[in-house]
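First, one chain by itself in structure tokens, the form predicted alone.
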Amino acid sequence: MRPFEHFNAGTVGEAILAAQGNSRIIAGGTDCLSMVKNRLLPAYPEVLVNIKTIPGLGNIQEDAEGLKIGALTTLANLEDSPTVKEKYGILADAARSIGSPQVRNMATIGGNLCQDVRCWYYRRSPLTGRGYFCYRKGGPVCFAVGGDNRYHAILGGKLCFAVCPSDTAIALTALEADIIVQGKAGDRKIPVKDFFVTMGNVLTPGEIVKEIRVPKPPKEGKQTFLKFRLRKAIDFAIVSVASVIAIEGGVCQDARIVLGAVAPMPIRARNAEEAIMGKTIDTAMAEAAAMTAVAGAKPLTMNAYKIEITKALVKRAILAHRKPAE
């Protein structure tokens, strides 16, 4: 690594002022440092602004409205929190599914939401002797379209087909959470479902994720998080599904089903939700809903298998909400 200045911010305001020009925000560092080491940034940063030194951003608090999670809360603390495990189970499960214990001890929820994509063309370091000037880097083409696209988008891909790598984003979307960001003009609240776009997220220069707010889930709602990957540890999702489904009297009263790792952002499976609303859930109903979840899929040359995995996980997520006797 080349020399850079390391600035310890004492407040979010200090961090915003320091993060001007050629700089990067660093929290846990599990993504940022690899980007710097491998020369993947547009320019090597002159300053790394450390926000771990800002007090009060690593707390988990519950009040009458729901849960408040500081952006510096580690994934390990999320998965171990009794409150999160008891009332916001899919968030604890999503955090537990990420990386290794060593990674979760360092990585923060803010960093997990803001991490860059894992596309191997985008991540190929020029230090290896061959980098790819892809569309995401300002180039003319997405190399995955005509190349190895096994893990790329089957839904919502446009020009760049890299998928959103954040597991916590999938769970938070199902929980209808909001992200609080602070910039020069003050705070603004962004629903997690609107935070992601094809080329990354909606943060503007100088904005920093400060807090995540999660409303109380439905009392009758059961939560399920499922993740398919080749190895149960370390690997990023090939497909993931988070669901919050409320059933009263055997009939579905509310449904939120979110797909992960199949698009550049978390995708609400609206068709699947509508398919089970107001109906009694059984195997046939779950299968039909799962079919609708991927109705608009447009796979690339090597990732059509994701469609079948997505259908299987959506079906399992829906059936997980049946009564045990069923």
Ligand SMILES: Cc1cc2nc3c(=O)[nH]c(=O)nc-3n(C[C@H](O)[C@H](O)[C@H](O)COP(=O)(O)OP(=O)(O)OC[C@H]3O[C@@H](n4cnc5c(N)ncnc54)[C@H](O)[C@@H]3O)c2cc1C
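Computed from a predicted structure; not experimentally measured. A residue's number is simply how far along the shown sequence it sits, counting from 1.
Keep in mind the form predicted together with this ligand is missing from the figure; the text below concerns it.
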(message) So if I measure heavy atom distances to this ligand in the predicted complex, which of the stretches 200 to 208, 252 to 260, 78 to 86, 216 to 224 falls within 4.5 Å?
(response) 200 to 208
(message) Please identify the residue among Ala290, Cys32, Ala275, Ile281 with any heavy atom within 4.5 Å of this ligand in the predicted complex.
(response) Cys32
(message) Give me the residue from Ile247, Leu175, Ala107, Leu155 that has a heavy atom within 4.5 Å of this ligand in the predicted complex.
(response) Ala107
(message) I'd like to check something about Gly99: if you look in the predicted complex, is any of its heavy atoms closer than or equal to 4.5 Å to a heavy atom of this ligand?
(response) yes
(message) Would you classify Phe236 as touching this ligand in the predicted complex, given a 4.5 Å non-hydrogen atom cut-off?
(response) yes
(request) Verify the contact flag for Ala171: yes if a non-hydrogen atom of it lies within 4.5 Å of a non-hydrogen atom of this ligand in the predicted complex, no if not. (result) no
(message) Just checking whether Val294 would be counted as a contact of this ligand in the predicted complex - the rule being heavy atoms within 4.5 angstroms.
(response) no
(request) Taking this ligand as it sits in the predicted complex, which residues of 1 to 30 have a non-hydrogen atom within 4.5 Å of it? Please list them. (result) Arg24, Ile25, Ile26, Ala27, Gly28, Gly29, Thr30
